[in-house]
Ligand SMILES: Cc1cc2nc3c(=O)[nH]c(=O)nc-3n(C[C@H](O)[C@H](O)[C@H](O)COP(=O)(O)OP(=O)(O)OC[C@H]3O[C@@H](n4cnc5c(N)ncnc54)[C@H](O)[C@@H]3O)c2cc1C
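The chain below stands alone and is given as structure tokens, in the form predicted alone.
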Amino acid sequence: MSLPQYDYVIIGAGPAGMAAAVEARQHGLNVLVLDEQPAVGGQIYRNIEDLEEQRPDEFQKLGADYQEAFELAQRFRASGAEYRPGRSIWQIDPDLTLYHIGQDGGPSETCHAQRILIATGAMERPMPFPGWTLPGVLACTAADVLYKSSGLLPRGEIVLLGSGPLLLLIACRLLDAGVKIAAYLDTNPHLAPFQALPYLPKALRGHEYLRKGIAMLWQMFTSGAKVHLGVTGLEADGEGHLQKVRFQQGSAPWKELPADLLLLHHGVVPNIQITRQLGCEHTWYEKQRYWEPVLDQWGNTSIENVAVAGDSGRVCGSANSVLTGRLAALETARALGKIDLAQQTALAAPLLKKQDQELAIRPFLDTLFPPRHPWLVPKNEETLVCRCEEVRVREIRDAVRLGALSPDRVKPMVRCGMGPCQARMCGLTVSEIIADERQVSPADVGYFRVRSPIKPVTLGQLTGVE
């Protein structure tokens, strides 16, 4: 039995994936979009269609970019692209045969693409510290997901910890919804604003982002929440669930706060599980300390006919994701003979100009909010790093001292990265700890070799593979 054939398979229905599908369909490509989520929008615009229809007042509060994203979702729905929500990729073969499963437990399905676009977005950087696995300790995006999906808002003593635009955005969104935030623990280094100053003149081209950021800071600092700057240490504590947090600022004595909910954020990093499984070349981005696939301006990876768009390439926000998705689709249209090089160049010119404008602020932001060492390499060696296999900092350091100098050598000794998440949660932290123990850069240490299945798949689902 022959496999379903597509010109273009797009993985992800966030801003980049939707924009790519719309552009590709305009040039006559046969497009399939596979997405893990039950509805379009990705993480950033989750549940955007239902939100607009069922909670219009709350939808309006989310701002103009959500209204633009809603219009993009409508264009995507009308584009004629085949859309399959709730599908997870667990393997891609070198000949671009894709294997995917549904959340209903049904059998695995297979299809073949001439070209693939990976638009799987970004994920929050893990932030391990003593007590981070307690119930009541969540990534800040979890609160955002609950709000967008169901209108649920947290109650009780709410503490936010971390730094970066996304944490401020979610804090302000909670405040706008009437949530009282008890404390905001900022982990950004004191010197970061001064180090970012050289990039400010160029960042002024993105003055709207700067204005929005200043407004969010003002709202947070005048909200009545206790704001503590320069936090360098944290412990979460409680019997069976979070009851209090202890924190330290530099070498000052530890302080304590009651807490029912602790929301964390330490930046976001590209989701590279699929590009790793395919064997694409990656490089270390030192400023934000993550791995990213090596791409050209069209999103092409080092693997022929495989491209990346959006934050799964480099984290640059939703507006840039839309542009990278369209550019990648134009490249596919040219590669498959739907347009020629001159047409591609002409169509891409305004997109590249707009992208240059969108990216002007990124060096400033990436310098202003650097990942900080105490949160990359936990000081307390009893801190859990791999949640799946319950591996601690001490065990990883011990393995390095015994001669395991890379994640793939540490892995069989202590089992970190062998659980259901396949190192998505612990991978970066393991590389940072090994690098710290060896006193080298993570670029010299490397990352786990990612093999299929990328996502857990049952034997029952595998029996559906032909």
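A residue's number is simply how far along the shown sequence it sits, counting from 1. Since this is a predicted model, take the numbers as computed values, not measurements.
There is also a form predicted together with the ligand; it is not shown, and the following applies to it.
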(message) Check Pro407 for me: does it contact the ligand in the model of the complex (non-hydrogen atoms, 4.5 angstroms)?
(response) no
(request) Please check if Thr275 has a heavy atom lying within 4.5 Å of any heavy atom of the ligand in the model of the complex. (result) no
(message) So in the model of the complex, is the ligand close enough to Gln43 to count as touching (4.5 Å, heavy atoms)?
(response) yes
(request) Examine Thr332 and determine whether its closest non-hydrogen atom to the ligand in the model of the complex is within 4.5 angstroms. (result) no
(request) Have a look at 143-151, 244-252, 363-371, 230-238 and name the one stretch with heavy atoms inside 4.5 Å of the ligand in the model of the complex. (result) 143-151
(request) Just give me the single entry in Arg173, Arg289, Arg392, Arg326 that has a non-hydrogen atom within 4.5 angstroms of the ligand in the model of the complex. (result) Arg173
(request) Could you work out which of Ser88, Ser79, Gln344, Gln355 is the residue within 4.5 angstroms of the ligand in the model of the complex, going by heavy atoms? (result) Ser88
(request) Let me know which residues along 109-124 have a heavy atom within 4.5 Å of the ligand in the model of the complex, or say none if there are none. (result) Ala119, Thr120, Gly121, Ala122, Met123
